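Quick heads-up: it's one chain on its own, the form predicted alone, in structure tokens.
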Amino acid sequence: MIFVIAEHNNGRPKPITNELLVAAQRVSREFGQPVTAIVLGENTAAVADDLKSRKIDRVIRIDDPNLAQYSPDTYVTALNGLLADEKPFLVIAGHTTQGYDFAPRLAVKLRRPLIAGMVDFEKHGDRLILTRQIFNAKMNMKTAVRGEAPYLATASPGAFPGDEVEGGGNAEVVSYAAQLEGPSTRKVVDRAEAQKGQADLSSAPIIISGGRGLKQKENFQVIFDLAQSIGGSVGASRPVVDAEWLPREYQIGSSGQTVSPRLYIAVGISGAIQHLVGMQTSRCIVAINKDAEAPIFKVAHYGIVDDLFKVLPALTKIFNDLKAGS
């Protein structure tokens, strides 16, 4: 069995959950293992009902008042009992603030290996090989898991395209009664959502990002104009945020958000490794830069070598004309 630890909010799975299910479905095809989504929390029926339409075998609800607020203590206790009973082959969680909070604790509790931040996998014989990136994504490290299952892994956001999750299923939904002695000894004092830009970039299908090639803050309007014409969201490189042209929540890269949209347009961005880490898994990358030697062109599927102040207004006009004529 392959277990996916679903992340959810307000009765809906988070985008990372679909990405985890894509990873699980791919491993399932290679190893012939069924896929089960695990939903922890309180009043999780809506989340389970949403997930059962994916092409998976089961959804297990661990529904308990003590899980109403996330805590690594209660998560580890609940999952420890479930894994002992079910004995899965692989457990996949998101490499998110929640995932890399509880997953290492769970691995220690189970005395099992954890591969953090996996971006790919291979099958060698009957062995599972997991790939993770190291040295700021400059190198890939392949790790063969060994010892007894379950093996644990966290999957990096954007590594597996969430829109490729297979649907059309009608998974069985079952409940598991976790043996929780009481609420976590940690007390949640307050909870607040991090401020986002105009859209949650982690799930945006189209992103237009600007870099310091825009020269000054006021010029960023051409990015917003193109984004509006194409129905996209706006992102930025770190130099833009450091210069306070845009707030921190717009930043994409190793110290910002990791994204994997269907279309990523990089405008005036040279392509430093710190930025590439955050967007190189995008389905289609278009680079616009007057420097033909800019590193961004090495990862771009399409490139435009020209003055962005001529290219962007022209593109914006084309998309606006197309919308007007539709």
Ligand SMILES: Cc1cc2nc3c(=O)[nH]c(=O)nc-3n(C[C@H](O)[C@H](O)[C@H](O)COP(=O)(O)OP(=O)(O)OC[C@H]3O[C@@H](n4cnc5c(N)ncnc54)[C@H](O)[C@@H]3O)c2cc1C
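Take the two forms, find the largest set of C-alpha atoms that superpose within 1.5 Å, and that set is the rigid core. Given the structure is predicted, the values throughout are model-derived calculations rather than measurements. Residue positions are given as counts along the sequence shown, with the first one as 1.
Below, we turn to the form predicted in complex with this ligand, even though it does not appear here.
- Residue Q274 is the only one of Q33, S53, Q274, Q69 with a heavy atom lying within 4.5 Å of this ligand in the predicted bound form.
- In the predicted bound form, K290 approaches this ligand with a heavy atom inside 4.5 Å.
- In the predicted bound form, this ligand stays beyond 4.5 Å of every heavy atom belonging to P157.
- Using a 4.5 angstroms limit between non-hydrogen atoms, T143 is distant from this ligand in the predicted bound form.
- Proximity of P205 to this ligand in the predicted bound form: non-hydrogen atoms within 4.5 Å are absent; the residue sits far from the partner.
- Remark: of stretches 145-153, 170-178, 232-240, 77-85, the one touching this ligand in the predicted bound form is 232-240 (heavy atom within 4.5 Å).
- Taken together, Y100, Q251 and D307 are fully in contact with this ligand in the predicted bound form: each brings a heavy atom within 4.5 Å.
- Residues from 210-247 that approach this ligand in the predicted bound form with a non-hydrogen atom closer than or equal to 4.5 Å are G211, R212, G213, K215, S237, R238, P239, in the order they occur in the chain.
- In the core-superposed comparison between this form and the one not shown, the C-alpha atom of G41 has shifted by less than 2 angstroms.
- Superposition of the core reveals a Cα shift of less than 2 Å for G99 between this form and the one not shown.
- With the core held fixed, the Cα of D57 is displaced between this form and the one not shown by less than 2 Å.
- Panel note: the distance between the CA atoms of V277 and I16 is smaller in the predicted bound form than in this form, the difference being 3 Å or more.
- Relative to what is shown, Q257 and V22 are farther apart in the predicted bound form; their C-alpha atoms differ in spacing by at least 3 Å.
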